[in-house]
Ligand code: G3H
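The chain below stands alone and is given as structure tokens, in the form predicted alone.
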């Protein structure tokens, strides 16, 4: 029964208060402080998270240091078995976890189930891939001026203790994408879940613990960023930080972290460039999906579309024809809802609405949408937008997409490359050769040709440039990022 598997997470009150994991057990904080988690669907209280103290964080760091040494000494084949079992537990509780996820962050049941299934598959893939990681040997005489007097043994080893900070929008999948590679490479992980989404994330952590991750190798500390964030990221017990969140927070963490290894996935603000020969039906579908899936609350969402006047006019016509079929805003638990449920909170909805209003005041026009009810923001399309307007200058984390008219491809490339962000971009054209030529001019992490930006397939490299990220993720690449090279040089007697 799910209730028995997860019973130690909370105190079973109504609504429940969820504990933190100190490396040995799920416990309540001495602070006595909690943070209530409200469902964006109806503002009901899902539960509350503990706010841990600085003393408790220090104790967790000590536990992690001790646990890490033992965990790294655990044979890799045993670590792999534990990860596969964690994936099996997640599949076993798919329905339970999907329902919780939908309630806590307002994700549709279809999207929630997809996240849970994808998470289990991802953990299995990590566990399989880690077995193919190899060190190497190097002979000194490969370099001019050296003879065969030295042999370099190069192996991969753990960083030590990794701080994993996950976001609200994929609290299960993006938690697993941090925990699994870090643990498999022999690190201890101190996990800081998001506030909203934190309940779902703690349930995922329990699956790892029940699968056999030993004492100290995984700990979970809860609380808002303002309460514990600065202390965590600057703590001398942390060797590496893996973070997903907005660019401002990422930059603040980087400044406070000091000399630590950083792997960041930050804001996207992704553009779509539509060439005149694009297949308008395909382009319209991809832009609708890319802009409005999960109410636009994805770092890979399309935020603005560039094209020449006739191209955008044709595209807008096709999009408006497709919108009634592809988009239906409503309760995400209803099968009638398509793509757009609530955003994460009423405060977030108010901010999105204010950005729409400021952009309209600056001269943009609303083609459709623009209104808000509680945490629900209508899917919104803006036209006559310029790059300096708020809806393009900032990353609008909601169901809003802006249309920018350009005179030619060169102007569009200039606008994209002038952005502070550089996660992904899309190019739509029936001439793939022309698409590749344009793609090579764009200063972003990944260019999608005839498709909307996306994180997967998860074994592809995933990265951002500029304010969109540090390091490279994707299964093999994440395993590399969660480890370092250790050369051992054997000097033969002369």
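Just so you know, these numbers come straight off a predicted model, no measurement behind them. Positions refer to the first chain, counted from 1.
Another form, the form predicted in complex with glyceraldehyde-3-phosphate (G3H), is not on view; read the next lines as being about it.
In short, of 22-30, 429-437, 37-45, 448-456 it is 448-456 that has heavy atoms within 4.5 Å of glyceraldehyde-3-phosphate (G3H) in the model of the complex. Taking non-hydrogen atoms only, residue 174 approaches glyceraldehyde-3-phosphate (G3H) to within 4.5 angstroms in the model of the complex.
By the criterion of a heavy atom within 4.5 Å, residue 298 is counted among the residues contacting glyceraldehyde-3-phosphate (G3H) in the model of the complex.
For residue 169, a non-hydrogen atom is located within 4.5 Å of glyceraldehyde-3-phosphate (G3H) in the model of the complex, even though that partner is not displayed.
In the model of the complex, none of the heavy atoms of residue 256 sits within 4.5 Å of a heavy atom of glyceraldehyde-3-phosphate (G3H). The partner is absent here; in the model of the complex, the one residue of 333, 289, 210, 118 having a heavy atom within 4.5 Å of glyceraldehyde-3-phosphate (G3H) is 118. Counting a residue when any of its non-hydrogen atoms is within 4.5 Å of glyceraldehyde-3-phosphate (G3H) in the model of the complex, there are no hits in 5-32.
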